[in-house]
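Quick heads-up: it's one chain on its own, the form predicted on its own, in structure tokens.
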């Protein structure tokens, strides 16, 4: 049964994730939410199965239990104008900081270990598009629509040909996101480097057991597939609605701030999704405490149901908060520079792996300077 269980987060890891030396909780939640959504969007455009993308979401959450969120870039490096890097951009550093691509590296790693590997070039082009002005990623429905998207990305030979000719400035800004050969080589190097860091941080344990197959098995075992929605209608339509709603809850749980996939085993997640979906679509559940058959306690079931059903409202709040942190941008990915700007507005700053109060650090620096001056004066008097 080991293949159906996951390594869970320890209380110490969960406490350290929310400790005083870490980022403020709301900023951690914004980074987690936006990066997990970006990973899902990239998986869709890369035509990866949801099982692969979901495993990447789980591994990314595990990685951030042992690694500081601000240690690397969450997504892909951008230029100061917010567009893809041009050939004139310095290929290894941006604003003096070597940036990494955690979302891209995690998705690339999981896909490589699966039966659906993707090339680094395809990953680079997909992320370049998602984080360009052409993308509708995190697009606000109330704002004007984004420019028309570029043609679909073809196989690697097609994308390789695309980079051989330098597009005009207007093409870079309005037609298709541009990734120069130098920028791609830099991205490829960062991808491989971060892949090694992720594997080392996780102890090379990349096993992820997903609750999706278990949920379908539980639906069949409980005979939920035999119900008629709202007491009538098509039996086939009712089965599809119940199964789709169950899978939707499991996918939504990947975004939960309670990191449900790191604190509960797949059977409990599957039972909670089935319970929530059955209530939503009006399926008649057994009158007994059927969840105990699958080794799930009532308290655990209640916590998971509340956690899953609250993600939708929490996600809407996150999008509103992210817009403020991003300086009013209507769409796009939350970037490291946005978080650093928000920390600066709060009087905080990053020192090493910790966030510290900027005013306190200024006082400490003044005290250190005064101490050195006193020592210097003492040396002069003794001499």
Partner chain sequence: MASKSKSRWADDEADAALEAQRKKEKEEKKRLKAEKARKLEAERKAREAAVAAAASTSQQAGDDPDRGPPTKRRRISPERDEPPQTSGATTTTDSSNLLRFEGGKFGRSRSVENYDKLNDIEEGAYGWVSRAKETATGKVVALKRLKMDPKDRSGVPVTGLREIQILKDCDHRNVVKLLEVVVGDDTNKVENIFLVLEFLEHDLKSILEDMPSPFLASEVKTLLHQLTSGLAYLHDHFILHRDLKTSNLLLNNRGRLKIADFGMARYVSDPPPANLTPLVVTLWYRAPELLLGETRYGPAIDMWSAGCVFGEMLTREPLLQGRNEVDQLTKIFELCGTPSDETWPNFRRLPNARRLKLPPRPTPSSVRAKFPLLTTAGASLLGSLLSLDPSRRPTAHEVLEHEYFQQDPRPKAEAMFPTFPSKAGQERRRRRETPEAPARGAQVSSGMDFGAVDFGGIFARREREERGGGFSLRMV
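Small disclaimer: the values here were computed from a predicted structure and weren't measured. Numbering follows the first chain given and starts at 1.
Just so you know, the form predicted together with its partner chain exists too; it's not on screen, but the next bit is about it.
Colleague: Is every one of 4, 205 and 263 in contact with its partner chain in the predicted complex, taking contact as a heavy atom within 4.5 Å?
Modeller: Checking in the predicted complex: 4, 205 and 263 are all within 4.5 Å of its partner chain.
Colleague: Within 4.5 angstroms, counting heavy atoms, which one of the listed stretches 308-316, 110-118, 277-285, 248-256 is next to its partner chain in the predicted complex?
Modeller: Of the stretches listed, the one contacting the partner is 110-118.
Colleague: With the cut-off set at 4.5 Å between non-hydrogen atoms, does residue 182 touch its partner chain in the predicted complex?
Modeller: Heavy-atom contact with its partner chain at 4.5 Å: absent for residue 182.
Colleague: If we define contact as a non-hydrogen atom of the residue within 4.5 angstroms of the partner, is residue 238 a contact of its partner chain in the predicted complex?
Modeller: Taking the distances in the predicted complex, the answer for residue 238 is no, it never comes within 4.5 Å of its partner chain.
Colleague: Taking heavy atoms and a 4.5 Å cut-off, does residue 244 contact its partner chain in the predicted complex?
Modeller: Output for residue 244 is no: heavy atoms all beyond 4.5 Å of its partner chain.
Colleague: Whether residue 45 contacts its partner chain in the predicted complex should be assessed with a 4.5 Å heavy atom distance threshold; does it?
Modeller: Answer no; every heavy atom of residue 45 is more than 4.5 Å from its partner chain in the predicted complex.
Colleague: If you look in the predicted complex, which residues in 184-219 sit within 4.5 Å of its partner chain (heavy atoms)?
Modeller: The stretch touches the partner through 185, 188, 192, 193, 195, 196, 197, 199, 200, 201, 202, 203, 204, 205, 206, 207.
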